[in-house]
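A lone chain, given as structure tokens: the form predicted alone.
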């Protein structure tokens, strides 16, 4: 990377959000951009998470870009290796490789108010950019709880997103901490290998059947030869999920039928009443993320598995102690404890117009205009920002909607630059950000995420849901179709003469 390189757009991250942004920029005729990736390859969360059993819980034909359909998905719910390979193909097919800077972690990005540009320091050099698009995603930085005594544990410790493939689990006494989306895939995958498996469950999850199957060769050939059949399949998957949104956001009582199906799914497999009691949630289904698995419950019934219905409290030597006093001596600890979602680490590295970091701006909770832009951070946009998450559908739909917003944002900047004197920048008005988020939180009150009686990773430290979008993906697409300039302040760079005058005054002082 050149020491003083300047680009029009700098994209941070090369997962779905970052690669999608790169494709949309090229399709809009913008080639003056870079994608800054901290790892040595693309893929984002689908590169990092390579644990046994890793797969998506959204159907593959919906969990892919509309502009890059894949007729060859092997299963309804494809595994990590297929999704990662898909993203690698996207990078190749759309000619993104020349724009991607690997091993280029963003260490700091600072807004230069005089030059109207971002100064970006990376692990491989520095550059400046007119606009920064942060596509680091909410599932990029693993979260390991601060457990007293963990430093003294002499066995193996790793997070599900940092799987140690060199460590042989066969015959070992293994503890899995957590029972979320990653853990319920890991547990069935490693149960046959380990000598003893102890599952520390702080809160039981609602688990529904995973309607997975192999996609036949005939279907794949049909989707290749007749593209409308592929589009129809995607449309049907989307519509089914759009119809479900009302139960999550407006009528949580409708979720009772789904609860009955989930309970039947459990009781059909788990015959031990004591184990069933441990695994039965006491909150409304949908309040926390609904998990999909046909193998999780069977794995928990095996003789070499113990379920501790309590969170991990401390570690004494190689003995793990739960909050209820249960003890288990183990050789390895695997944390399936999620990610920094409401306290995104990149926020500590982004400094806005007044020198304040995004993390400081968000100390009382994340807020963004239309999930994308933040007051005081001009020409900065987030892909999968605050309140853009989904409880039941594909995040790729949200990403593509935000990419539409990004392209219109750049069009507006072009128009302003042409119409005015010199370059321009847009800064979200604080009142517009407040108004947008007030409406979001008002709508959130009646959702299952608020009324369901649970604590989830959707909620921040203040108990506010700053993660999920309380509407349909169709609605989100409509509200991000174009940039409303009334919601932004237009910033202009000082003219060269103005700068010389200011320099002369300063020198005279």
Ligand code: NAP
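Numbering follows the first chain given and starts at 1. Predicted model only: the values in this text are computed from it and were never measured.
The discussion below concerns the form predicted together with this ligand, not included here.
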Inset, instruction - Choose one stretch from 353-361, 180-188, 88-96, 407-415: the one whose residues place a heavy atom within 4.5 angstroms of this ligand in the predicted complex. - result: 180-188
Inset, instruction - Using heavy atoms only and a 4.5 Å cut-off, decide whether all three of 22, 399 and 470 touch this ligand in the predicted complex. - result: no
Inset, instruction - Report whether the minimum heavy atom distance between residue 248 and this ligand in the predicted complex is within 4.5 Å. - result: no
Inset, instruction - Decide whether residue 67 counts as a contact residue for this ligand in the predicted complex under a heavy atom distance cut-off of 4.5 Å. - result: no
Inset, instruction - Tell me, yes or no, whether residue 252 is in contact with this ligand in the predicted complex, where a contact means a heavy atom of each within 4.5 Å. - result: no
Inset, instruction - Determine whether any heavy atom of residue 265 comes within 4.5 Å of a heavy atom of this ligand in the predicted complex, and answer yes or no. - result: no
Legend entry - Partner-contacting position among 173, 276, 220, 202 - heavy atom within 4.5 Å of this ligand in the predicted complex: 202
Legend entry - Contacting member of 79, 145, 376, 125, with respect to this ligand in the predicted complex [4.5 Å, heavy atom]: 145
Legend entry - Residues within 4.5 Å of this ligand in the predicted complex, restricted to 334-354 and counted by heavy atom: 336, 337, 338, 339
